[in-house]
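Only one chain is included here, represented as structure tokens and corresponding to the form predicted on its own.
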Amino acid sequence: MRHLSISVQLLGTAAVIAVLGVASAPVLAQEEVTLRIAVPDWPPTRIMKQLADEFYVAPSGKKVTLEPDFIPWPNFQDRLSASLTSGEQRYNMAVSDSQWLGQFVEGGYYKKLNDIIDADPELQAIFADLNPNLVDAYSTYPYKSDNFYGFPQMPDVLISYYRSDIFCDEGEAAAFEGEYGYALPCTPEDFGNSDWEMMRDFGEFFQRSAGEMLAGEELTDDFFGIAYQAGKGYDFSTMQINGFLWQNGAGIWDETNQPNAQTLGVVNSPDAVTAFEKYLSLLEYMPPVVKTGGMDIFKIDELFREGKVGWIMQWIGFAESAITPDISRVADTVAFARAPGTRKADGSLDRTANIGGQPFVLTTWNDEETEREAIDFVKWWLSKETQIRFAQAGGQSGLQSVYTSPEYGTYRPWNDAFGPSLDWQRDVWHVPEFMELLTQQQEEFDKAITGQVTAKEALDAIAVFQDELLRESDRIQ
């Protein structure tokens, strides 16, 4: 039986009189609506709940309460999938990874939004203001089509976090320039011009053992220059490797060109092998957990906050933890910049990267009243006023009118790196076969990361698997 999301409480005239002991005109209590939403448990969704409780007033006049189910990231996809497919109809909304759109759209769980958007000028204005890459990634299925299923909740990109106390140290800077022949970057502007060859130098230079000196202090633990995603779980290596592939002229299977897109000779092309080898070559400068397939986003966050790594490439959504003194030893010394890229012949940087972040989606079983309240909440969330509050609290806005404003960079020290990164973002597959493709690919990437196979052997195995699976699914001819 459907679990209704609306609770209506009416206080009749007789009850009012009994309580007050005096004659009174009829009084009706405010109608109450609860929007139940499945969300990953991390700062952007916690901030959303806080802002909703403090500021949201429903245009309908009803008392609307956002009731998030905060689910740990490692369990989120499994928990959401189990709920949607069980028939329990627990959630009115979800904050869903964009990669799950195909699976849950074709399963009949996510509502198509085109008619709602077409009938609502406010929503049309919001979509016109959003960065187009966010619309493609968070709203469309098939990817980059005109079929809309989501609204951006938290845009996320990979950026550089670095230790200003060591990169700006005069002694370290002098030693580095003497060894490598160019200046060690210090400011976010300088650091934002870094390429992957420079990251290799940083990794090599700052790799120190306990007892050695770093920025004038003796180390009590081993120290490592760099770290980025190389984890076996979920998508923790894929999100990093895709950027290397795209920046070096290679690619993944292109779902937008079905049924003519191929995997054989594409996923394992010579350019792809070269790009993957480049990715693997930098792992030697990272903490030893990388050799076990454990370098996921949570471990990177932990190692950096503990002061054991000089530079990391990490999602912007984790940046708040890095500047929080109670949990970060480097809170006073961390700085942020755009992520490095691959240097082209003309000297420019290709910064293409896999987008992170998530959209809101509506489930298909909401009644008309609940759906209207959910849409009104989304419109409030994506209003300029709310998006500014979200950014001021540590979140990010995909509205161009917000993130391009002069004030945006003052809200958080990483915000200047956010807007310019959006134009470089692409997304991984949206098709229902996403989890099968991802799981096998992660296994093969992990074999290469841990030294069991070569880059070419891993990519060959991935290409063959994807070719077979996508042909069985009629996505390749």
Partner chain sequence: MAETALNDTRAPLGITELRAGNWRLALLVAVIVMTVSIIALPGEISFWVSLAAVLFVGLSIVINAWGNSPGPLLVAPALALLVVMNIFPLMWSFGLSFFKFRVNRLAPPKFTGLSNYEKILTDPTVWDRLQTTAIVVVLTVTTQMVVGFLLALLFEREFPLRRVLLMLVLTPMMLSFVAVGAFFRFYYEPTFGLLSQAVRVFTGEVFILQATPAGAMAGIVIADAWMWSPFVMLLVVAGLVSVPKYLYEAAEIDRASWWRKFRTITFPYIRSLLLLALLFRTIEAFKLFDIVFLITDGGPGTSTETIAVYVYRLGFQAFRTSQASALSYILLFVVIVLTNLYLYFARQRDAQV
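Keep in mind it's a predicted model, so treat the numbers as computed, not measured. Positions refer to the first chain, counted from 1.
The form predicted together with the partner chain exists for this protein as well; it is not shown, and the discussion that follows is about that form.
Only one of the listed residues (D332, E306, E179, E385) places a non-hydrogen atom within 4.5 angstroms of the partner chain in the model of the complex, and that residue is E306. Proximity to the partner chain in the model of the complex, taken as a non-hydrogen atom within 4.5 angstroms, holds for one residue of E31, D416, E443, D69, which is E443. Proximity to the partner chain in the model of the complex holds for all of D78, G107 and T439, with the criterion being a heavy atom within 4.5 Å.
Put simply, K111 is far from the partner chain in the model of the complex: not one heavy atom of it is within 4.5 Å.
Among residues of the shown chain, C186 is not one whose heavy atoms approach the partner chain to within 4.5 Å in the model of the complex. Remark: E472 counts among the residues lining the partner chain in the model of the complex, judged by a heavy atom distance of 4.5 Å or less. A residue is said to contact a partner when one of its heavy atoms sits within 4.5 Å of a partner heavy atom; K299 meets this definition for the partner chain in the model of the complex. You can rule out all but one of 388-396, 365-373, 289-297, 338-346: in the model of the complex, only 289-297 has residues with a heavy atom within 4.5 Å of the partner chain. In the model of the complex, the partner chain lies within 4.5 angstroms of at least one heavy atom of each of the following residues of 429-451: P432, E433, M435, E436, T439, E443, D446, K447, T450, in sequence order.
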